[in-house]
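Next up is one chain by itself, shown in structure tokens, the form predicted on its own.
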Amino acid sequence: MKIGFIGLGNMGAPMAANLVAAGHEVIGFDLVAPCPDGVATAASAAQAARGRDVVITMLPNGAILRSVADEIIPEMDKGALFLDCSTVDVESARAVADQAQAAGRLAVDAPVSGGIGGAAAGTLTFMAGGSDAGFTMAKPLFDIMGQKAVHCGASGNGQAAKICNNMILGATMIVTCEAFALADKLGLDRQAMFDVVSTSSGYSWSMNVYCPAPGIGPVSPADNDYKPGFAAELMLKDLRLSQQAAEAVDADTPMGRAAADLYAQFVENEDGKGRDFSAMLPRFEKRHRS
């Protein structure tokens, strides 16, 4: 396929590189980041979209996505696919999809899970919203860039799945960190706690796969001084998106709101910015009951 790729940061660059390695012709555009090897450089987002079978975007937020959509949709061919892999608010995802469809283009919103490591390894999970035709066209590319793609339904449902997933992840990481800090103060060995919880009803991805305690369980950012695999500020972004969506549909999400408030405190008022989201554990180690 002829592919345009807009947004070549920490996630977009390795995703584009994997498409090139699989034999696709990719032209890219980013305001700051250079194109990876094998990706041709466009002078603008519009140029990256012109004459492409698929245009992929990986952008920071909904406002930027809407702005880029205004620029590229008129340049895309009829029947081309607008594949947005950003994590943005559901309203923006649906607005851009409607705009693309009104112009005769296919549209799929497909945010990802798996972080920078998954982008490089081609093991991302894609949560896709959009038409059957759009998903079918995107599926071969999902198979290159990731290990799993789930069609979640209509436009915007990919974003809905992502923010619901990460609301669970944020809350479970917080309570996992709290539990380790509590175990320390109770004199319970961390390895013993892991051995029990990881095979009992406290089992979770935060404990079993991404354990926040250094030297416990599989290797994780905790073993690399909490250098980010998934940065705390990105978790905060997703938790805020979950609360924005909850407010829009009048959903009661007290745990999600509490998680958003804690990550806001951690990132904006403490030392969380630039650290992995699992660095909540050293935070709780230093704290006393208030």
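Everything numeric in this text was worked out from a predicted model, so none of it was measured. One rule holds for the numbers: they count along the sequence shown, beginning at 1.
Same protein, other form: the form predicted together with a small molecule, not shown, and the subject of what follows.
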Segment that reaches the small molecule in the predicted complex - one of 47-55, 218-226, 26-34, 255-263, heavy atoms within 4.5 Å = 26-34
Tell me, yes or no, whether Ala154 is in contact with the small molecule in the predicted complex, where a contact means a heavy atom of each within 4.5 Å.
-> no
Verify the contact flag for Gly146: yes if a non-hydrogen atom of it lies within 4.5 Å of a non-hydrogen atom of the small molecule in the predicted complex, no if not.
-> no
So in the predicted complex, does Ile64 come within 4.5 Å of the small molecule, heavy atom to heavy atom?
-> yes
Can you check whether Ile116 is within 4.5 Å of the small molecule in the predicted complex, heavy atom basis?
-> yes
